[in-house]
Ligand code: NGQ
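In structure tokens, one chain follows: the form predicted alone.
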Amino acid sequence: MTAIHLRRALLPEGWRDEVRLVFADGLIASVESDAPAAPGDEVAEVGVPGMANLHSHAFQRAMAGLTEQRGGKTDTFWTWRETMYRFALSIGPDEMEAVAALLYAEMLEAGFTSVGEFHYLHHAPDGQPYANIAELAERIVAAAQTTGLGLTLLPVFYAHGNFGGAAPHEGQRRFLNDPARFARLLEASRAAVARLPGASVGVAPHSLRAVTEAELTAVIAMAEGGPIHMHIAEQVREVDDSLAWVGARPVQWLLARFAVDRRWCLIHATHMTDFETTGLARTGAVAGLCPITEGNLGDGIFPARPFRAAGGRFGIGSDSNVRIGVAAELRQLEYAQRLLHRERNVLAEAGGSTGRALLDAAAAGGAQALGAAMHGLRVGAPADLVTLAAAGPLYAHLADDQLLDAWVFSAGNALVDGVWARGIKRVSGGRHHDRAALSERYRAAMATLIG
């Protein structure tokens, strides 16, 4: 058992003084407020719940800094994708594990305590399965195990190059499966994840571009009640291609044909009509927003104001992993809305803290998207805790929600001090305990990849 005493903590009922948390077997065993510290307790200033990162492509972290040179007359998501395909053909299992492990340490240092790994790089560079069909999935599991980051593994089903079952792109060959082989991959992935406490497996039909209706039906059935994640309506061209295919927009088509519910997480959903926006909100599904990647790729701006007004739920993900930060994702989300509406504090209630509103909503939506039964600093929830370095000179005068606003809009990762994931402290003084070794392993991997 582990006990932490906090001067202030954000509990489900609000901010409380002198909070004592006890962790046992990866869960929160007890929560007391107005309680003195006991001998042996670890003591910290301010504690908040850990955050779920609901969407990551781990291998793309190694591309950071390699795609910011203008590629010609126009440079878009689609030209970036060609670069990504070429990079994906070069990375091997050892490099995958090294890149994912340092990335997961960075996530913990930022205040993320779990990740939904949207894992679509399955096969060898020639497109043939490894002798162990789950070789690369096992490397993701190993990275999570090494770093202590909670994992929801989302093996991706990918079969086609565009709507209507079009032939795949040659650069997609490492991603591809038919339903029968995907079922074997999923079974092997579940076996790999079974050794990781608290981890789970969902399914991820990549997008309506990459699956047919029949394949989508088959993959959903394989979820066995677990999470279902899918990219949708990320780009205007994707919407145009969908209209040319069946005369319907992607979200419109999906909601008309499938029983989308709370198990679903629709990633991006950037380009929706008012009808689609309201319809998605009513399903109870989570919109998986990746504001930094969406900005980096020029995707567009999610219709957050009407979506939230209709009761919509959202969480945040780091997607291409060009930058890692709980605060950075939430800040980009709010600032994009400010630019769109030419207002301030768009996603807060009247008189309320924007940082608090963003953190509360993203924590709830992220936990739902990763299939967590509970979240937050409450008995029975995973023992995921982030402590903030609130005593420093820049922030000592701030209290409660003001400190959250400073985290999101000013301090960022620098305010994160300690992080516990499933009851084990993984970050102290803002640094993952194995950061040095993981960094060295990453450098060796990049020397192999880039030369």
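Start at 1 and count along the sequence shown; that's the residue number. Note that the structure is predicted; figures quoted are calculated from it, not measured.
Beyond what is shown, the protein has a form predicted in complex with N-carbamimidoyl-L-glutamic acid; the following relates to that form.
With respect to N-carbamimidoyl-L-glutamic acid in the model of the complex, the three residues 60, 80 and 209 uniformly fall within 4.5 angstroms at the level of their nearest heavy atom. In the model of the complex, none of the heavy atoms of residue 253 sits within 4.5 Å of a heavy atom of N-carbamimidoyl-L-glutamic acid. N-carbamimidoyl-L-glutamic acid in the model of the complex comes within 4.5 Å of no heavy atom belonging to residue 264. Mapping the unseen interface onto this chain, residue 182 falls outside it, with no heavy atom inside 4.5 Å of N-carbamimidoyl-L-glutamic acid in the model of the complex. In the model of the complex, no heavy atom of residue 314 sits within 4.5 Å of N-carbamimidoyl-L-glutamic acid. With the partner omitted here, the stretch from 87 to 95, 231 to 239, 125 to 133, 324 to 332 that lies within 4.5 Å of N-carbamimidoyl-L-glutamic acid by heavy atoms in the model of the complex is 231 to 239.
Shown without its partner, this chain lists 260, 357, 372, 297 as candidates; in the model of the complex, only 297 has a non-hydrogen atom within 4.5 angstroms of N-carbamimidoyl-L-glutamic acid. Residue 268 is the sole member of 247 to 278 found to place a heavy atom within 4.5 Å of N-carbamimidoyl-L-glutamic acid in the model of the complex.
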